[in-house]
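In the block that follows, a single chain appears as structure tokens, in the form predicted on its own.
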């Protein structure tokens, strides 16, 4: 499996400025669609219990990890390839004196981890950076304890033809997208059972609209920390995603499966 990003190179999407700019949309400690609201929805699917171990891949600023540890008493290992993300997350561990949460800078594709050591594998909008999803899922299956679960959300694409504009968008962004059915097949082929590959695009669109409205309503609050160019950039990017979803090219996928007990 190849690295999704070079850990020593922060692109424009992952500078401290751009990360904190995204956080303004998604909410404190979050850089993924829907922020805390979606994390709560997803956690409700997992039957999390005190003492469980969770591997959070692409842990970002740590929002999901902080919430799971505090609410359910689980232990979370957050792994991210962005030095800046990990640095900020570690700053916030100190600020909160958060227990049960650890963040490391590493590539989950290659880092050594004990097999069958996690009750839950979790990832939000991160696997789009990883080309070899088949190899990734096989490794994650080995890391999942018997009876454990995997829950992933990610950008996806429709099967077959997509618009030239959308193809240019995800190619320029360095994303590697699959349609939900093909995505789910990798989970099944890795060994997971009862794999649910769900098209969540309607929920994604709802969240995009909410986030755009929030940016516009709280414009002055946003501009207290960022520029009008930052605001225009985000509104354009969100509008583009809404357009790709409306034409059917862009899909938002949720994938959930279990390892046999």
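What you see is a predicted model, and the numbers here were worked out from it, not measured in a lab. Residue numbers count along the first chain shown, from 1.
Another form exists, predicted in complex with a small molecule; not displayed. Remarks below refer to it.
Proximity to the small molecule in the model of the complex, defined as a heavy atom within 4.5 Å, holds among 129, 96, 102, 142 only for 129. Interface residue among 88, 79, 178, 190 relative to the small molecule in the model of the complex, by the heavy atom within 4.5 Å criterion: 79.
In the model of the complex, the small molecule sits within 4.5 Å of a heavy atom of residue 125. Among residues of the shown chain, residue 32 is one whose heavy atoms approach the small molecule to within 4.5 Å in the model of the complex.
Remark: residue 182 does not count among the residues lining the small molecule in the model of the complex, judged by a heavy atom distance of 4.5 Å or less. The closest heavy atom approach of residue 135 to the small molecule in the model of the complex falls outside 4.5 Å. The stretch from 55-63, 230-238, 208-216, 193-201 that comes within 4.5 Å of the small molecule in the model of the complex, counting heavy atoms only, is 55-63.
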